[in-house]
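Single chain ahead, written as structure tokens, the form predicted alone.
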């Protein structure tokens, strides 16, 4: 039996989750080969968006991605770039799906090449609440940008309950 990776370090940063809206239905209607093409396109868009920032693709999760950023502004820039690229692909090249995203700021534990902890869980739950073409962020993200991103860039959603978290999380929508 292979031992589990040990906890290596705690880091503070932004965790971003993406989800392709309607991916399961798309795969059912169009098949696995078409689904793989969509996933490849999403991965290429993420790689392009990450090229100019301090961030990393942590892992692919089915039709979603988990990304990490040491700076909240880099996470916001990447997310906005990905949303814009997906919408452009939808308009110009018939990309079939929209993207939704959620981001949270906080401490995580590195476990091998992965990140774990309650703040990762919260970021994932925030992504689940976003609508097509939308980025929802926690109040912690808004605080972490500390004036680097204008306050007008965020529209308050308000306190929201997320699965598995006792206290409501204040959410904001990135204005587009």
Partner chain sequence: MGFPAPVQAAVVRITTTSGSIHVVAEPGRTDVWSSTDPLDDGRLPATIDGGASRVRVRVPEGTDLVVGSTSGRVTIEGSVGAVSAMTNAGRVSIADAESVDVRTKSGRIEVKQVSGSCRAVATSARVEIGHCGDADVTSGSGRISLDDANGRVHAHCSSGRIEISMGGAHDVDAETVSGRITVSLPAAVRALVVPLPGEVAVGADDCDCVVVARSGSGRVDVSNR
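Keep in mind the model is a prediction, meaning the values are calculated, not measured. Think of the rigid core as the biggest set of C-alphas that the two forms share within 1.5 Å after superposition. Numbering follows the first chain given and starts at 1.
The form predicted together with the partner chain exists for this protein as well; it is not shown, and the discussion that follows is about that form.
The single contact residue among 145, 120, 57, 129, judged by any heavy atom lying within 4.5 Å of the partner chain in the model of the complex, is 129. Segments offered: 134-142, 34-42, 60-68, 105-113. Contacting the partner chain in the model of the complex at heavy atom distances within 4.5 Å is 134-142. In the model of the complex, residue 11 stays away from the partner chain, with no heavy atom inside 4.5 Å. The partner chain is not shown here, but in the model of the complex it comes within 4.5 Å of a heavy atom of residue 168.
Under a 4.5 angstroms non-hydrogen atom cutoff, the partner chain in the model of the complex has residue 161 among its neighbouring residues. When contacts are judged by a 4.5 Å heavy atom cut-off, residue 157 counts as touching the partner chain in the model of the complex. Along 66-93, a single residue, 90, places a heavy atom within 4.5 Å of the partner chain in the model of the complex. In a rigid-core overlay of the protein, residue 21 has its C-alpha displaced by under 2 Å between this form and the one not shown.
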